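Only one chain is included here, represented as structure tokens and corresponding to the form predicted alone.
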């Protein structure tokens, strides 16, 4: 099936060239960071996790969102999702690669990642995060490839694949749960010290991941002869709607607990995000934009008449995806450090090198996704012919 990855028109190779160019530029900035150190980033003594770890947090959710097509298809025998399940599994693979590369560039010296392997600690959440991320990556790779191979051959996938499919479902939930535990297990950070953080993560994951999958399905329909299916897209749209409602509800619960109880340590972080504190509020316009985008997306998604219009649905998915990225990618991480435990404000914004390295990391994920989707579309078109 790999031969499909090297067959394409000028647009396909042009897209590959653009991604390779972005990877090259990002790698050049990474070499600068490798030589100079993390001093070229906006990180500081007070803010030790920034833009890189924000991408890990968000893209883990996108990867976990793939379970929203795997679970109905394999566990509930919803056959309609059989057309797009492989697309969800390959999206999870690309997302996990972005996650892992984000950790590597955040470490400064990439050899430090070996410390988790050479000196494993069962008391470390990073150790469990490494296990579930790599486990989920290999499960999706093995399952997706074998299912696609079987479809090409006109046979049923091997029996030994089924247990791996079932195993991938708890793994999908665990990757984002463990990521949430990395934050909410830190007693010195009041903003993250909440038991509802993991449910919030999962709710946003089950909204953002399928939203991206819907957008990709609509793009695939435009650029190829393979149609992922209107029924499949509309079912995903309903899942997105319910997940977004849960995400906003959980955030409302956070607001109630923080402000009704009057706990200063929890209120200050939320105030910093939405109104600013001590004259500092660089993220205020970003957070209001995030909330507005998600609320507007929900308004478009709830009525069937707008949700069933695929043009409106695409706009809603874009707004949801961007809004959730700002909320989880910028607000959640930065606000956990600002203000610090001494109530001092040291704001964080990513620098230009940080942004370019991150774009390079995303380009790697997009390249992997493009190749996998090119193979998938090739097989689907071959089977249809």
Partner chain sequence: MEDSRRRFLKIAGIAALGMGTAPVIDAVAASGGHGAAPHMRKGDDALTAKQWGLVIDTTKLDHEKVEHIIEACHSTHNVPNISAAKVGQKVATRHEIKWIWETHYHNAFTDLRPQYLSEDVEERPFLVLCNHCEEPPCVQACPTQATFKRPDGIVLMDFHRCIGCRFCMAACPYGSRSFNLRDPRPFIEKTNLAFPTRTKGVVEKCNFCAERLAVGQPPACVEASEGAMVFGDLEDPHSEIREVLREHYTIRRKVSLGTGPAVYYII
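Residue numbers count along the first chain shown, from 1. Note that the structure is predicted; figures quoted are calculated from it, not measured.
Unshown form predicted together with its partner chain; subsequent notes refer to it.
With the partner omitted here, the residue from 83, 221, 189, 307 that has a non-hydrogen atom within 4.5 angstroms of its partner chain in the model of the complex is 189.
Taking 41, 334, 358, 57 one by one, only a single residue has any non-hydrogen atom within 4.5 Å of its partner chain in the model of the complex, and it is 41. Interface membership of residue 28, defined by any non-hydrogen atom within 4.5 Å of its partner chain in the model of the complex, is ruled out. Not displayed here, its partner chain is approached by residue 268 to within 4.5 Å at the level of heavy atoms in the model of the complex.
The closest non-hydrogen atom of residue 225 lies beyond 4.5 Å of its partner chain in the model of the complex. Residue 126 belongs to the set of residues with a heavy atom inside 4.5 Å of its partner chain in the model of the complex.
Annotated contacts: 109, 113 and 121 all touch its partner chain in the model of the complex [non-hydrogen atom within 4.5 angstroms]. Residues are counted as partner-facing when one of their heavy atoms sits within 4.5 Å of its partner chain in the model of the complex; in 26-54 these are 34, 35, 36, 37, 38, 39, 41, 42, 43, 44, 45, 48, 49, in sequence order.
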